[in-house]
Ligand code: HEC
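A lone chain, given as structure tokens: the form predicted on its own.
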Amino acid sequence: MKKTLIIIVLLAIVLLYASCKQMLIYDLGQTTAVGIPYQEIPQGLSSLKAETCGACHQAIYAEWRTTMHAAAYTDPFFQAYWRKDEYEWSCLTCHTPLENQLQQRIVQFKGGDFYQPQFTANSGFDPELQQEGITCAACHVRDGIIYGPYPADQLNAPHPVAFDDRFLSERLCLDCHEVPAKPFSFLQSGICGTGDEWKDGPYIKKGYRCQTCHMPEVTRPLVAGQTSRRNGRHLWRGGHSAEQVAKALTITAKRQEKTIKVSITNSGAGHNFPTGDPDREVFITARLMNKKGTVLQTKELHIRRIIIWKPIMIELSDNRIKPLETRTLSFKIPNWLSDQPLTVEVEGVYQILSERARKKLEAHYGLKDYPPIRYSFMRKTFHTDAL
């Protein structure tokens, strides 16, 4: 009965789509990020470029250069998907947030309606600044002032500075890392629901925020030679970092008579695992081996979110692990193996996007020279005589 209902709904959607082909399936709306208006260069600086900031803030600049923020526009994966999406203007709202970084045209909205975009020439477009993606000025510069987490009277800066409490909260991050579902879709949560996942989880009550994990605190001078103070490392490590991904899970094993249970707990991520782009998926593979290393049994947990994108967004399944949730893989030990020394090896593999998606992007949308989309982030071994 349930399958029949799904088929009927799908047919109805296809017919609806065929009758209104110009309908927007998804774009950014009033509840999501908006572009940052044109910003003048603050007094005391020569440009808005990151290297200008880096002349004094050397450690922070060095960190930023290693991040996906710095590659938000140039990343080959983004460029291929953007081409696939026919260079949809709304993508740049997060990938090059400043009006200075947008294309040669500026997007405005008739009557404030996101479904009626209007384009005008962008006389302030800086193609070099565009290449920097989420650059320093995107977060810190507004109306000729450089904002941060410190009161102005605590700083001795050669440019105008001011305090903004957004730098001490999640608001700074969630404009882009919380992309909601549109009304005309069948999704359980947003396209990128990281923010909502965190809000629904246990860590918000403990005072944790995005920066707690993704901008780990360090004590150092903001500028070489000045007083050391607490500040966040500008790293924002996530799904492209095996080290960061490995922090999310705790893997344990326990033997109960003739059963070995491997527990996988999302103990270190304040959101679902994995999160962000729905293309991401995780494979947890547990192998039961004898003393010679021969694999006797294999159990696998495939963690992912499955979405149909067109003609309408439909979420088919979502088995991602919520914060503090545990999944279990179990092995039944045959009688003839009960007295033998056995080993359980557990491996975690993170995949940025599916092989099918990668091949399509390579064949049709110019993706090339992209780093491995699949990597091992964790490997643990348990010996049954120690369980």
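The first residue of the sequence shown is number 1, and the count goes up from there. A quick note: this is a predicted structure, and the numbers were derived from the prediction, not measured.
Beyond the structure shown, there is the form predicted together with heme C (HEC), which is absent from this document and is the topic of what follows.
**Study point:** Which of 86 to 94, 253 to 261, 290 to 298, 304 to 312 sits within 4.5 Å of heme C (HEC) in the model of the complex, heavy atom basis
**Key:** Result of the contact check: 86 to 94.
Point to revise | Residue among Gln340, Asn319, Thr52, Thr328 with a heavy atom within 4.5 Å of heme C (HEC) in the model of the complex | key: Only one listed residue qualifies here, and that residue is Thr52.
Check your understanding: Considering Val107, Leu129, Ile284, Cys176, which brings a non-hydrogen atom within 4.5 Å of heme C (HEC) in the model of the complex?
Key -> If I apply the 4.5 Å criterion carefully, the residue I get is Cys176.
Review point. Is there a heavy atom of Thr265 no more than 4.5 Å from a heavy atom of heme C (HEC) in the model of the complex?
Key: No, Thr265 is distant from the partner.
Check your understanding: Would Asp75 sit within 4.5 Å of heme C (HEC) in the model of the complex, counting heavy atoms only?
Key -> Yes, Asp75 sits close enough to heme C (HEC) in the model of the complex that at least one of its heavy atoms falls within 4.5 Å.
Practice item. May I ask you to check whether Gly144 falls inside a 4.5 Å heavy atom distance of heme C (HEC) in the model of the complex? Key: No, Gly144 stays farther than 4.5 Å from heme C (HEC) in the model of the complex.
Review point. Taking 4.5 angstroms as the cut-off for heavy atoms, does Ala357 touch heme C (HEC) in the model of the complex?
Key: Result no; Ala357 lies far from heme C (HEC) in the model of the complex.
Check your understanding: Mind listing which residues of 51 to 72 have a heavy atom within 4.5 Å of heme C (HEC) in the model of the complex?
Key -> The stretch 51 to 72, when checked against heme C (HEC) in the model of the complex, contributes Thr52, Cys53, Cys56, His57, Ile60, Tyr61, Trp64, Met68, His69, Ala71, Ala72 at the 4.5 Å heavy-atom cut-off.
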